[in-house]
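As structure tokens, the next two blocks hold two forms of the same chain, structure 1 and structure 2.
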Structure 1
């Protein structure tokens, strides 16, 4: 019997995770199968996981906090950020991990000489990635549309600005972590702020994938090295695969297969 895996989310039909994981299972000869499960009511997460007889799962919006709550044993990093995107069942216990943030960290290794980062946005993904970036030695500044969401980051000691307060400086990397551009054609900050920061930066990333966002388009106009959210998707997927298959495979090989699956 193949081991079963799934991604839970709402919506979930756009997810590329089944493609990435199924290709890796086939290529590496692992007896597994991965599907998507549309979960409307997060309360049913654990029951559905058990009823579907899953060995592991990825969790996407809006159920990452719920996945955190249903984990019997939390990886220390997932515990710190309060969000779980990978669940694994071992000895009747649900282990919860967060591979989003380490995945993002891995993705920016592509760029050299990055020390200062300007993050656009202050939502869930910024909560999970900002600490790991700081701990890894990056200097992180957070710029968000509203002041409300900045409060938790101010408490944690980050340099934070709302649009009105911001005075553009030089940053090595600018990252769009807002949902602006996902299902609309909005820029993640006023154009004059973006023009000033993009004209002096070394690189840009948008963590949205599947389309060229207005932000990435603008970054390209400034001839900046750039990539979209596929890179983070691949890296978080590789780390999740490593937990699913109990660290059996060479991760460089897994990454190669997942990258090919998306191309």
Structure 2
């Protein structure tokens, strides 16, 4: 019987994770199968994982904090940032990991002279990536619709603003980490704020992938280098695959296969 894996999210039909993982399973001769699972109610995450007889799963919007809560054993980094995007069942216990943050860090290595980063949003992905960016020497500012979700970041020493109190200044990189544009045509922040910040930045990234979001369209109007989340998807996928397969394979080979699968 093949080992079963899945990605949980809402929405999830856009996910390219099954394509990446299934291609890697086939190419490397691993007996596994990976599918999408639409999960509307995060409370049902653990029950659904167990009912589906899964060995491992990736977790996307909006269930990363819930995945953290249902983990029996947390990787030190996942524990620190309070968000899990990779679950693995071992010895009847759910192990929670976070591959988003190291995946994102690797995905921005292509940029030169990036020191200051403005992140839009305050969800689970921001929790992990802001921390690892700070540890890696970047100056990170977080902008969110409301002040309430910013409290954890303020306690961790980040410069944080709600839309109302934000006064735009110059940043090297602006990153959309909200779900705005994923299944709608919304911008991640008021247009006047985005116009002021995009007009002075060096580059823009949207972690949503597979479509030109309103945010990326606006970045193009300013002739900015802009990228979707495909590179982050690949990098975090390689690390998740490593956990799923218990570190059996060369990660460069896994990355090569996943990259070819998406191209």
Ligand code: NDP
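Residue numbers count along the first chain shown, from 1. Note that the structure is predicted; figures quoted are calculated from it, not measured.
Shown second, as structure 2, is the form predicted on its own.
When the structures are compared between structure 1 and structure 2, the hinge, where C-alphas stop matching one rigid part best and start matching the other, is found at 101 among 64, 101, 178, 24. Hinge angle between structure 1 and structure 2, smaller rigid part versus larger, from C-alpha superposition: 18 degrees.
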